[in-house]
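For reference, the chain that follows is the form predicted on its own, supplied as structure tokens.
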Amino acid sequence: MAEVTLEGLRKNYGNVAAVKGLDLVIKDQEFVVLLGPSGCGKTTTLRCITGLESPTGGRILFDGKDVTQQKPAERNVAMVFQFFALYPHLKARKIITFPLRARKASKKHIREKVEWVAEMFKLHHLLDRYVGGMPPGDKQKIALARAVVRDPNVLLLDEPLSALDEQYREEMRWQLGHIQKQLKVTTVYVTHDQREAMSLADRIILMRDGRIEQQAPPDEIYRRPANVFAAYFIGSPGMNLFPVTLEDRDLLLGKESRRLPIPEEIISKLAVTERREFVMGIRPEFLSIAGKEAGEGESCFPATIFSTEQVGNYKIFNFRVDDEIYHGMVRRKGVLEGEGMVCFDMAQARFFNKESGEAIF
């Protein structure tokens, strides 16, 4: 296994900078997910690590050894792509053993490794079947088995589940996390799907425009986003972001200046900044509906709930401030549309600099 270090990694395509000076350390045996919107540089970063792309600048190190100019075969990495790249006319056993046969491994070693990987992925019943007729989930298992049978130093996964139907994705998501812990292999996983990132990662590297916006464990990046981009990108729905103005002991929300009473401790923290205008962020699950009976001084304001939707055990309710739509999420089936009081759990609120978007607290 290996620790992977990126030092000032840059990759340009002509005049387009895809990766802009990344500094990153991926610890030995860590499961890291590169997450971000399309075009943010995550796949280019992965391809540089594997050696399929040559960096424009910077260095790539495995356990302190510079591998920047090494070919993929010299790095002992394994990569699994979004599409399976399997030969449909071959049986699973032959596909899985290809990396070992290419290394001229002994027949005994090959048999032992096939037995090991078949047990790991529960593939015994598939080994002697042609992959052409297999369902997508089984094909992806074969692709993963072929990748890990060679004992790679680093396992690189580029959107490996995005081509699967939801029923297969659920199963494979669990299996991937379970198997990675068993293999104890350093893993770098690329996805735009935050659900995959939140469920699999030891650490999420959130990227935008070729740069790292935030890197943190899933719970931390969810609860304490470093900026408004992280706040809105992570979560479904994303964090509500309200433009607010501090006036006396209240916050005024939006152009309509809806008055929201807030706790004294938050007033004190905001006052220290010597600013009056902020962006306040709060996750939908920390909003609730109180009807019209909210107590005086509570962090609530009147709003019209214009639509609701049931998502599992939760009810999402939608309301407007100015022309912006915001979302709350409660464990209630009886939420009705119409007039009410939207209440905030202010202990869970985050505040951001209005100009830079960076978190204040």
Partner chain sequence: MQERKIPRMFSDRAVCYFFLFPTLVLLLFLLVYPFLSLIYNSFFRYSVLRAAVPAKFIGFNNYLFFLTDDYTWRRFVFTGKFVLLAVSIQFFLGVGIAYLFQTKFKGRDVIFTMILMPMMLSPIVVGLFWKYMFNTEWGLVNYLLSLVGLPAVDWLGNPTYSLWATIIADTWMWTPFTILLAMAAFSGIPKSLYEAADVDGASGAFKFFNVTLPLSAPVLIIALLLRLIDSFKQFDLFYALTGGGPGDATQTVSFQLYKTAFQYFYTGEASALGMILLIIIIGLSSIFIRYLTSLGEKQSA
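All values derive from a computational prediction rather than experimental measurement. If you superpose the two forms and keep the largest set of C-alpha atoms that fall within 1.5 Å, you have the rigid core. Positions refer to the first chain, counted from 1.
Absent from the display: the form predicted in complex with the partner chain. The rest refers to it.
J.: Is Arg223 close enough to touch the partner chain in the predicted complex, meaning at least one heavy atom pair within 4.5 Å?
T.: Residue-level check for Arg223: no, no contact with the partner chain.
J.: Spell out, yes or no, whether the shortest heavy atom distance between Thr50 and the partner chain in the predicted complex is within 4.5 Å.
T.: Within the cut-off, so yes.
J.: Does any heavy atom of Gly132 come within 4.5 Å of a heavy atom of the partner chain in the predicted complex?
T.: It does: once the partner chain is placed as it appears in the predicted complex, Gly132 has a heavy atom within 4.5 Å of it.
J.: May I ask you to check whether Gly177 falls inside a 4.5 Å heavy atom distance of the partner chain in the predicted complex?
T.: The answer is no: Gly177 has no heavy atom within 4.5 Å of the partner chain.
J.: Quick one: of Trp116, Tyr232, Phe286, Phe81, which gets a non-hydrogen atom within 4.5 angstroms of the partner chain in the predicted complex?
T.: None of the other options qualify; the answer is Phe81.
J.: Which of Arg258, Arg146, His192, Arg169 has a heavy atom within 4.5 Å of the partner chain in the predicted complex?
T.: When the partner chain is considered in the predicted complex, the option within 4.5 Å is Arg146.
J.: Using a 4.5 Å heavy atom cut-off, indicate which stretch of 65-73, 324-332, 307-315, 34-42 touches the partner chain in the predicted complex.
T.: Contact criterion met by 65-73 only.
J.: Of 90-107, which residues get within 4.5 Å of the partner chain in the predicted complex if you count heavy atoms?
T.: If the 4.5 Å heavy-atom criterion is applied to the partner chain in the predicted complex, 90-107 yields Phe98, Pro99, Arg101, Ala102, Arg103.
J.: How about Arg150 - superposed on the rigid core, does its CA move between the shown form and the other one by 2 Å or more?
T.: Where the cores coincide, Arg150 shows only a C-alpha shift between the shown form and the other one that is less than 2 Å.
J.: Just checking, between the shown form and the other one and with the core aligned, does Lys91 shift 2 Å or more at the CA?
T.: Yes, the C-alpha moves 2 Å or more.
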